[in-house]
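The chain below stands alone, shown as structure tokens; this is the form predicted alone.
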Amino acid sequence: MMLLEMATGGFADRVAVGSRDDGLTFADLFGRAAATAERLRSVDAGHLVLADVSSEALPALLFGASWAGIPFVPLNYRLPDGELRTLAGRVSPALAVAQPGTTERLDGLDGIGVVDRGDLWQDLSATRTTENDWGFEGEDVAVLLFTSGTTGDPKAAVLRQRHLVSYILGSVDFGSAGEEEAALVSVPPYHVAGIAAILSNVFAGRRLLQLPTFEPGAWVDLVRAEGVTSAMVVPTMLARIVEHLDAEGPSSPGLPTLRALSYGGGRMPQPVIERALDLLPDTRFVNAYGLTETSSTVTLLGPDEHRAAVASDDPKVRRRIASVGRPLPGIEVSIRDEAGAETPDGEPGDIWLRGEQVSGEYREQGSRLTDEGWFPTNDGGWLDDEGFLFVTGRIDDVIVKGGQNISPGEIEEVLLRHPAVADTAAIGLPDREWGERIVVAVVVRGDVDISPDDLQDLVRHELRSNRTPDLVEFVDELPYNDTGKLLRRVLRERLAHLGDA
């Protein structure tokens, strides 16, 4: 709430959310947050649950929950009803805000009151006189975000007030945005990037626009119509935006107002980012790496580093386009082996992170921080000699062939350099002789003619022979979730017939 209070005091009449013609001002947003807090207190809600797409109500609900001193809990509204109800039940008592016309999805749960967002929003428009009585306790829980649960039941990551505020104060200059600036957010509310986008843009004084359902044509149209100056996407979104702009041909007007475009949340195919840099020569690109448990971004590959990498003839510099850059101020990165010892530069291991914004805590499992404050991410990676971080994937996804640990990411990185490869993923499947065999799924660009032998030879030439794929399977597409994360578990199920158990 301190962030919103500062923004309201600095630019109360500036539009904060929505269209520049009829959006909510910062003063309006402050008033709606006050009304939200009053409503939450009147029903003695222990949590504010959101089962809804992004809307103009989202920022007011986020700040209003903080004002009332209770956690904000956005849920994945795309889940089946049974799973959605299970997650909501885990944070009872709560007031749940549902997408218009869908309150029945959460009706009848013990301790959960349900309200239609449209009805609530109309009620919140009434003038309130709530005093500025929010708390300033850094240990208070601000947000609970459920992890995707790809390897088990979803865990509720705990982000306390001090984690989120530390991230904003360490990465955003107050009031740094001009009045003409607008940011487009197309990630869902239950993604940590969606929460971070609200906080960072409010603190900067930048108008916030939301696209509840991503579609590349609608995204491009909104950028042009609203003069969007910055945006955040996941790699799969950027790939579709690039395809859309390419399809417009030489007469495409481009995106002349877009000054900055950040991406993250998954692996970015090198041909996609290189083409995006060509299509948008005046846009500053940023690759942001972070986790739910770290309050969003912890490392950045900045605009100058993007351009320098693609322009360089030095292989060491050029490969940095595949990195996630270097740590933000206040963040430490360490690569550790299985025993927890630091590895030398260039050696892979588990990425450990430390800093004020790092939570590493789960509601039911407690803190995973070490005694020295380090958070083992379970992401594999390595650092080059100038501190650029390369993320190779989840440690759980490591392929074990003949007793050798093989990172899928290093194989994928090599294959993605081939001009015919649009996307790829490497997985391990059972093998009676070697324990696991390396299987790569490949999406071919267009109708290019390429053989499995070509791709196997490429990996054999670039990496040690034990990294060479045993099988290459051509597929139409790879499975991703809506936030751009590759679903290797789903891919293993689809390709299980290629294993030799």
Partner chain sequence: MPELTPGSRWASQVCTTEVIIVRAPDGDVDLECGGSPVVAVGEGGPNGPPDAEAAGGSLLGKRYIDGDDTLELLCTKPGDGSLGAGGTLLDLKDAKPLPASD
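Nothing here was measured: the structure is a model prediction, and the numbers come from that model. Residue numbers count along the first chain shown, from 1.
Only in words, not in the display: the form predicted together with its partner chain, which the text now covers.
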task: Have a look at G355, P271, P303, P216 for me and say which one sits with a heavy atom within 4.5 Å of its partner chain in the predicted bound form.
output: P303
query: Just one of P344, P281, P80, P329 has a heavy atom within 4.5 Å of its partner chain in the predicted bound form. Which one?
result: P329
- prompt: Okay, which stretch from 194-202, 418-426, 400-408, 314-322 lines its partner chain in the predicted bound form, with non-hydrogen atoms inside 4.5 Å?
  reply: 194-202
query: Is there a heavy atom of M6 lying 4.5 Å or less from a heavy atom of its partner chain in the predicted bound form?
result: yes
- prompt: Would P479 show up as a contact with its partner chain in the predicted bound form if we use heavy atoms at 4.5 Å?
  reply: no
field: Contact flag, T103 vs its partner chain in the predicted bound form, heavy atom cut 4.5 Å
entry: no
query: At the 4.5 Å heavy atom threshold, is M237 in contact with its partner chain in the predicted bound form?
result: no
statement: Taking its partner chain in the predicted bound form and a 4.5 Å non-hydrogen atom cutoff, the residues of 270-300 making contact are V286, A288, S296, T297, L300
